[in-house]
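Subsequent text provides structure tokens for two forms of one protein chain, presented individually as structure 1 and structure 2.
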Structure 1
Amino acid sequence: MSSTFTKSTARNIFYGGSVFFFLLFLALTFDTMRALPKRDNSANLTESAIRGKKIWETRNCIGCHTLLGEGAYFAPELGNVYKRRGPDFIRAWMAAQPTGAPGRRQMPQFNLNEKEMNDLVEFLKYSSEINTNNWPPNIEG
């Protein structure tokens, strides 16, 4: 390499690097857009799951829980709770809140009717079937 680093050399490195990383960005974006439709589980999206997502949003569940890594970290990850615990456990847990156990964080009672509870469970089932590439790494969330 030359012992002098000229303005022209710096400019060529800058432009060459910029073009390289821009092309790399485009390639990664293309690869992601090609892979996502195979993993999104949209074929299993039901009206019940859509209503359940609306309940998830209006009750601000993401204010405490995470879903597929997004949200708050105050309460457990729920992206795989359907697989870990099952629908009956989810219904029983929601109905038993707040537990009143001293020294524990408490989930509020949302007073969901049976239809709303079934919709929420259906949304959690749908979420658990999304191919997340093994996220979260810990099965307990």
Structure 2
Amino acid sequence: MSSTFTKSTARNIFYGGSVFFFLLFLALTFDTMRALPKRDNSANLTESAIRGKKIWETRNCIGCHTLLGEGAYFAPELGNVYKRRGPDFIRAWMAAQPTGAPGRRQMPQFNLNEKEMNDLVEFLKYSSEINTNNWPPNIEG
């Protein structure tokens, strides 16, 4: 590097650049928070869906599944499972676990009662209606 580009120049670029881009990031975040209500389906974030999210979290579903593409890649995407399978299938599926089919990936039995099951389905319904810019590419997730 040439002698005009000194350590203090580099240091100033580091401080200046970091501060500038962090402020830009904050500005974009602020704008995102304002724009979200039109996209994030929060109108349908019912009490039931909120309880469902807690069930989703406390059963560590993300440890096998993805939700809007984030999570583990061991089991199917569930962001659109409500649209792919429908509420009745989800209930029946959860009730039938684990399948015990030899060699097949197994899902634990979570023993949810009817109310908890409804809450979880409500959460998955809410998730499936978030505007994700048309992701995933098809219904298979």
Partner chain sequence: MQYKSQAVAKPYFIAAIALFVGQILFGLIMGLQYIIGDFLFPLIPFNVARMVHTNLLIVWLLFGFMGAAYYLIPEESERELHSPKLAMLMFWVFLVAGALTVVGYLAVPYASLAKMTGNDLLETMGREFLEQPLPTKIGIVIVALVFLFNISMTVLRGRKTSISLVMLAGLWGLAIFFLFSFVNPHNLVKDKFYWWWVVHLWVEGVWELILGAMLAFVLIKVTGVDREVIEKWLYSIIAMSLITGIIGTGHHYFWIGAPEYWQWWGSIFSALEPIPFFMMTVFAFNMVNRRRRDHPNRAAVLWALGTGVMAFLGAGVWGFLHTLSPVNYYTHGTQITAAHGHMAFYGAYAMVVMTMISYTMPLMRGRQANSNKSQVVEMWSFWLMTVSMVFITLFLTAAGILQVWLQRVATSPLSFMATQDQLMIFYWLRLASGVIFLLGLGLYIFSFFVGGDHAENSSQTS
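Only the largest set of C-alpha atoms that superpose within 1.5 Å between the two forms is called the rigid core. Here the structure is a predicted model, which means the values were calculated and not measured. Numbers given to residues start at 1 and step along the sequence of structure 1.
Where is the form predicted on its own shown, in structure 1 or in structure 2? Here the form predicted on its own corresponds to structure 1.
Pivot point of the rigid parts between structure 1 and structure 2 (hinge, one of P37, T58, N113, A101): Hinge position among the options: P37.
How far, in degrees, does the smaller rigid part swing between structure 1 and structure 2? In whole degrees, the smaller rigid segment turns 36.
Please report, in Å, how much the Cα atom of F25 moves between structure 1 and structure 2 when the rigid core is superposed. Spelling it out: core superposed, C-alpha of F25 shifted, distance 7.2 Å.
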